[in-house]
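Quick setup: one chain, the form predicted alone, written in structure tokens, and binding and motion questions come after.
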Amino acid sequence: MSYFPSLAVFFQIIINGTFLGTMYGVAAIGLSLIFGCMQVLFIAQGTMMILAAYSVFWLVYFMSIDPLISILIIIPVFLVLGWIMYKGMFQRVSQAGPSSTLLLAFGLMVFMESMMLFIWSPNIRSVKTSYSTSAFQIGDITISVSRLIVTVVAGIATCLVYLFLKKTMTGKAIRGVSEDRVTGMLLGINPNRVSAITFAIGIAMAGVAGVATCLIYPFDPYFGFLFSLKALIAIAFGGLGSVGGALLGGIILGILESLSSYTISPGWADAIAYAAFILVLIFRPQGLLGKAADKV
């Protein structure tokens, strides 16, 4: 503990990292669902988050709607948007293979960045609320109200997705297609319908993460790509295909970045995170929290 003046400082860093990691985790859940079901590496996930953040910015600016209330608007809108994106673009392109869908996702990311740049300009935006700067003390530890709210929202969203996948027939179909697409078709599951639902849920989770982002960070049109990278690292940590693992992977990443920023330098936080990402892929590709594949 020589790096930390007191236990309170250590726990403060862990708490801040946990709050940061929940945003990575929510973005990672959507990315993990899309890749697990469709084998599509949707690198535009972070850009969808920023689109949601800008949408909240307009709802607050023009209609004075609290960002937390805006979730009730963002989720259904992004569900529909995800469904349209899959039916209009990815369903057809997915037949050409993973490389084509990756290029499509990249093109979509660049297009949306350009669109947001045109509509909202490159100026950094932020969403201010009555609780943006509010905090409370527990001993020597300071808890940010907005960051605590983000953590609660992330936990609720994760639980709802988990229950949907475990308890509903559609959720079980999604899990079945993720495990074996051909067997799922033999059992009467329509893979295109399941993929459309999965893609819609993944985009809706990006919407939730976007609401969380705008509550804490200023943002610009190019801010999303960073979150896409962090979501990929969270998936590597948590294990592909696990909703809870994606959230826990994001929290691990957030804590790692917070500890690196404090003990070494803020400039080293990203480098250490990416180095950990590479090491995990080399030595434990199933993820820190994932199960190893069965050997044939």
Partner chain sequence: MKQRSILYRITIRCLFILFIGFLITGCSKGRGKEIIIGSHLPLSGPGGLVGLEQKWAYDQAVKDINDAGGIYVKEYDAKVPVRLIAIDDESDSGKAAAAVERLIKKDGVELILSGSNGAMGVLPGMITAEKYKVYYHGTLIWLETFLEHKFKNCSLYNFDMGQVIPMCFEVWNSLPKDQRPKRPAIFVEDSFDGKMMGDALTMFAKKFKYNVVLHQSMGLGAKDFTTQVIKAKSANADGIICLANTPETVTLVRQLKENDVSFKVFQGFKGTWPTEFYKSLGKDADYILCDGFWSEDYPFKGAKEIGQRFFDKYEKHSTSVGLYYALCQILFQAIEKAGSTDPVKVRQAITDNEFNTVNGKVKYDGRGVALYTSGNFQWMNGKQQNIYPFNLAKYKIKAAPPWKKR
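Fair warning: this is a prediction, and the values are worked out from it, not measured in the lab. Numbering follows the first chain given and starts at 1.
Only in words, not in the display: the form predicted together with its partner chain, which the text now covers.
Contact annotation: V127 falls within 4.5 Å of its partner chain in the predicted bound form, judged by heavy atom distances. In the predicted bound form, at least one heavy atom of L215 sits within 4.5 Å of a heavy atom of its partner chain. Under a 4.5 angstroms non-hydrogen atom cutoff, its partner chain in the predicted bound form has F227 among its neighbouring residues. Although the partner is absent here, W83 lies well away from its partner chain in the predicted bound form, with no heavy atom inside 4.5 Å. Stretch-level contact check against its partner chain in the predicted bound form with heavy atoms at 4.5 Å: of 136-144, 201-209, 149-157, 67-75, the positive one is 136-144.
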